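Listed next as structure tokens: two forms of one protein chain, kept apart as structure 1 and structure 2.
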Structure 1
Amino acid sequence: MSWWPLWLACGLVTFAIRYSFIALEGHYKPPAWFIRALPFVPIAALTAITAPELLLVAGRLQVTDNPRLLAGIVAIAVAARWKNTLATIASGFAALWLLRAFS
């Protein structure tokens, strides 16, 4: 079987999604609500990706006995206080490994 057509079709669909608004820019005027919502894209999209990684264990909500959630809260506190990427990542991993070692 040849993989090319399927890969190419999937690549084109992915590319078309990523190119969509970049290509449209300047050719149409988006509605006001759309423009008002845009500044929230980084926060809304990245939080939507991150929250399940912290709160779900094997696809189910787990707020107790969840090392990733605790480590994530530590990282959130460090990020809020120092606004430093490496410190945030290091503190999160340190918390995760400590919690695992002592649980």
Structure 2
Amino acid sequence: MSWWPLWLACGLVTFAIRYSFIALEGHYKPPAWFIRALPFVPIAALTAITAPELLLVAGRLQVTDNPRLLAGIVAIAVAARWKNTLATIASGFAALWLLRAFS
């Protein structure tokens, strides 16, 4: 069995999805509620990615004695205060390292 038909089908589907946004430009106006909701898409996506990593330990919800959650809170506080990506990442990793070293 060859993988080429599957790769070709995946490529065509990917091209069709991406091209549809370009082809519809100027011909389709999405509803107002959709346009109002668009700014929240990145926030929702990042929350969906990071929340399980911060709250779950071995697949179970763990709010207390969770160094990743505390390090995440430190990183969120740094991000809210200074709005600096490098400082946010560095503070989160430093907090995680310190919490694991002294626990």
Partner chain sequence: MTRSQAFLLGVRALLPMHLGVAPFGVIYGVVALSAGIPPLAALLMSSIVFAGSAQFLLAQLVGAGAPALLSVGAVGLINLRHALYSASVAPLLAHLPRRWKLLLAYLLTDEAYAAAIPHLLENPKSPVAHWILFGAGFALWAGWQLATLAGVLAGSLLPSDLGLDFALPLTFIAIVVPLIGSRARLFAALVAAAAAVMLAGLPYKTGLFAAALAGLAAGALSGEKR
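Throughout, residue numbering runs from 1 along the sequence of structure 1. Basically, rigid core = biggest C-alpha set you can superpose within 1.5 Å across the two forms. Treat the numbers as computed from the prediction; the structure is a model and nothing was measured.
Worksheet item: Among the two displayed forms of the chain, which is the form predicted in complex with its partner chain?
Response: Structure 1 is the matching one, since it is the form predicted in complex with its partner chain.
Worksheet item: Honestly, after the rigid core fit, is Ala32 moving at least 2 Å at Cα between the two structures?
Response: Yes: Ala32 shifts by at least 2 Å between the two structures.
Practice prompt. Having superposed the rigid core, state how many Å the Cα of Leu8 shifts between the two structures.
Written response: C-alpha displacement of Leu8 between the two structures: 5.2 Å.
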